[in-house]
Every structure is written in C-alpha cells, then in structure tokens.
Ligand SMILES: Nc1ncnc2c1ncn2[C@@H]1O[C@H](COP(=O)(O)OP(=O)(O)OP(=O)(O)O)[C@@H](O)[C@H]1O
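Only one chain is shown below, in structure tokens, and it's the form predicted on its own.
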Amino acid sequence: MAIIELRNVWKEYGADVVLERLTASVEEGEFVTIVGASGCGKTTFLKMLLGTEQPTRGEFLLDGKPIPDEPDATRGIVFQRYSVMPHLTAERNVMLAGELAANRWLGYAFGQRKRQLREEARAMLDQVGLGHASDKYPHELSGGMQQRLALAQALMKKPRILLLDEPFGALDPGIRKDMHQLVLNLWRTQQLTVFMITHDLEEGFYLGTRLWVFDKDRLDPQAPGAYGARITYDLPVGQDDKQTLKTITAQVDDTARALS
C-alpha cells in the first residue's frame, strides 16, 4: 500500500483556486522533489501533508486513511528560515519535542527521562555532524550548522515522513553540497519518505528519486485565481535528461512570468 495517496485533491481559499486535480501515490521510502513557480501552491501542499491545512475537496490519505488534521510524530519538517529556538542550546533544541511530550506545561523533563532525552539528543547531533556543538546557541552557529540543527530537531521524534521546504535556499553552494550528502545519508539510514520543495531544478534531479512539477496549465489573465496548479510532470529521476530539464525550466519560467 502507498504511504501517501492523493485522490483528486483541490485546495481553494474562497474563489481562489490554489491547487486542483492532484492525483498521485507515493510509496514508502521515495524521495519526491517538488519544483514550480512561486505562488503555485508548493508550500500549501506541504502544509496539507503536515496537517496544518486541509484539502477543500478530494482525499489526502496517509496509509489509506485521511491525514490527521494536525501535525504529529509521523511527520517532521524543516523550513528555509531557521526554525530553532534561539534561547536554547543545540542540545536543548533537540530535546525540546521529548520534553514537551513529558510535560506539556513546563516543557521540561526530569530524572531518568531527562537523562534518556539528553543521550538521544547527543546521538542525533552526532548523526548530523554537530556533536561538537551541543552546548552552543543558534546565534553561535553558521547557517549550515543551524539547518543541521533543524534537521536533528525534526528527526528526534523518528518521523516516517520528512518535509523540507527549500531548506538550502539561504546557503552558499559549498555548504549546500555538504547538506545534500547529509540529507541523502539520513534518508537512507533512517528509511524516510521525503518530500522536498526546491527552486533549483538540478538539485531536484540530483536528490530525488522522483520529481514533481507544480504548474498552472490553465491561466485566465482576467481571473488569475480561477484555476489552480496541478502536477504536470511526475518523473522518475536519476537520469541524465538535459532536454527534459530544459523543457521543465522553460515551463516554470513561463508560469512565473504569467503570475507576476
């Protein structure tokens, strides 16, 4: 059975259609990269996966059942802007989810539970290459290190699905390359299913096992909100297809101009 199924999913805000006619299935362990022009609903789609937004029409299923309408431990997320807590050390940032689960009012664990969470946090920091920085605060870390910390935070609850919303957009090319290797290693070792938004088509082809293009194939200049984006390409990747890359780039650029 597919881990994620989309059955004619639509997302509308009043008269504005953001997404329409989304139909696809994703098997456990796939790495789906998502590209498309700004404003095509990619982040809205990720929010529906997370559970902070709900589809207007259609079925959005996790393991054959409607996705829970709020985030839970099955899904972790990393945003482009660093989402860690600035007043907590790296270790405490990673411990936070477990501490909130232990005591939702104080957000603090005690005794044996605290010691266990600290051990788990240190092991996770080691996995993302931050074992040496467990006592540092976010402002003492570089951008790449902060994203490593955000990954550790997202993975602490051992989610099955990892959602990445342009996590490397603010990083320079050298650091991005290191982060690519880290994400691929975590995907394999933790047996994750990954959905990742990127504006970099080459990054999408390199990282994913499958590439989705979100695009509006129906546009009305007089009513820009009348139609939504859908998945216009669904490609297995890992292939050297320069012509396909050029075609998708042109399509995304055309849509971006039409929406601007």
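Predicted model, so just to flag it, every value in this text is computed and none were measured. Residue indices: 1-based, along the sequence shown.
One more form of this protein exists, namely the form predicted together with the ligand; it is left out here, but the text below deals with it.
The single contact residue among 207, 196, 40, 211, judged by any heavy atom lying within 4.5 Å of the ligand in the predicted bound form, is 40. For the candidate spot formed by 20, 227 and 235, no residue has a non-hydrogen atom within 4.5 angstroms of the ligand in the predicted bound form. The ligand is not shown here, but in the predicted bound form it comes within 4.5 Å of a heavy atom of residue 13. For residue 166, a non-hydrogen atom is located within 4.5 Å of the ligand in the predicted bound form, even though that partner is not displayed. Of the candidate stretches 55-63, 23-31, 187-195, 41-49, only 41-49 has residues whose heavy atoms lie within 4.5 Å of the ligand in the predicted bound form.
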